[in-house]
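One chain comes next, on its own, written out as structure tokens in the form predicted alone.
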């Protein structure tokens, strides 16, 4: 097994469609970002580098992903993707929009609406809108703004851009031309190798053979090591093509989400089941980020301000871990041991998370507070699951991120609520009890006293919202 996980399983080239034409990539280090490869190797300089961390959208390109005999088009940040992640995909850049010397209808609409000024951000905006149009969504203003949330324009303003999106006609570009090449099990260049296993057994064997190799899911966090720090690794192990990790199953009493399931794929399911979860995911990152980022990656990252872990802890989710000795399960709250330290054993990977569905009488809400409304890291995130019967709290699970070195339950606050009436007095008692639950962290995002006040106020917001009050849902900027 270890021998199979060594060198020799990976090829020395990557085949893709680039702007509708076959393209073979060789001798490019695996940690090279798609953005750098496009600009330096292919001289396709319409794709820009603005922030190199997936915030500004200037580097947006579109992937054509085989799906049911056709291609699914997704906007992604090329600054966070490595070149081997393109294998078996079609790639479209702004240079590929126009055909036969004629502008794509979207480009024509942007010209007519004066939707560009300095032009630096325009290619990324055009690609984000192209993916939006190809997705077949209705061009409503709110939906267009969601499609553009990952693109910053510093001089034109968004009104003419939205006008262009509403007027543009859907029209295929060369990304849809020709068959997409098959992706191989990996890629090797020089002394560096990128593994792309197809099965969970192969992944576990690779994890054992290369314990120091980073595990790459979507790369929305790990990608910063490639784009900003220019790190190279002897080996990288991708989980994106492992079939067992791509499961999303809705069962009678639970939802199972594989570790490689993207936010985009999980969003409609979680949005329908857990109030507030869809809004949270939309604010975690732009469509470019959601198309790559995974819930499994967010868990494995083990950040104290990660958005999903408090929600999963409040929902009493179970984590499935897989190693050479088989699978083991644990409550997700037990997975986080200390700052960036987890109970993941050597050779193990995250396989899935199982989230109980809400039972009659249970309510769930989650709230995020951040400095910026769109695509910002949390200062505080609170998640709450209560069981209510005849105006009384029969059970409570409350979890916070940003309040400790790990995402953590507020057990004192829970005990203060259970058994009592769901009223203002109970909330005040739980807020006082919460002082014994946390010694909040203090950093540049928010001070400890501020975080403590916010956590208490979010509990009060929960009461106002679930006891018939009129409190807004979702995400709040500081």
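Positions refer to the first chain, counted from 1. Quick caveat, the model's predicted, so the values are computed rather than measured.
Omitted here: the form predicted together with a small molecule. The next part is about that form.
Heavy atoms, 4.5 Å, the small molecule in the model of the complex: which of 265-273, 402-410, 247-255, 344-352 makes the cut? Say which one.
The contacting stretch is 344-352.
Quick one: from 222, 98, 113, 232, grab the residue that has a heavy atom within 4.5 Å of the small molecule in the model of the complex.
Of the candidates 222, 98, 113, 232, 222 is the one lying within 4.5 Å of the small molecule in the model of the complex.
Let me know the one among 126, 90, 259, 398 whose heavy atoms come within 4.5 Å of the small molecule in the model of the complex, would you?
The residue from 126, 90, 259, 398 that makes the contact is 259.
Counting only non-hydrogen atoms and a 4.5 angstroms cut-off, does residue 393 reach the small molecule in the model of the complex?
Contact with the small molecule, no.
Considering non-hydrogen atoms and a 4.5 Å limit, does the small molecule approach residue 437 in the model of the complex?
It does not: once the small molecule is placed as it appears in the model of the complex, residue 437 has no heavy atom within 4.5 Å of it.
Looking in the model of the complex, any heavy atom of residue 414 within 4.5 Å of the small molecule?
Judged by the heavy-atom cut-off of 4.5 Å, residue 414 is well away from the small molecule in the model of the complex.
Is there a heavy atom of residue 294 lying 4.5 Å or less from a heavy atom of the small molecule in the model of the complex?
Contact with the small molecule, yes.
Using heavy atoms and a 4.5 Å cut-off, decide whether 55, 217 and 368 all contact the small molecule in the model of the complex.
Spot residues vs the small molecule: full contact, yes.
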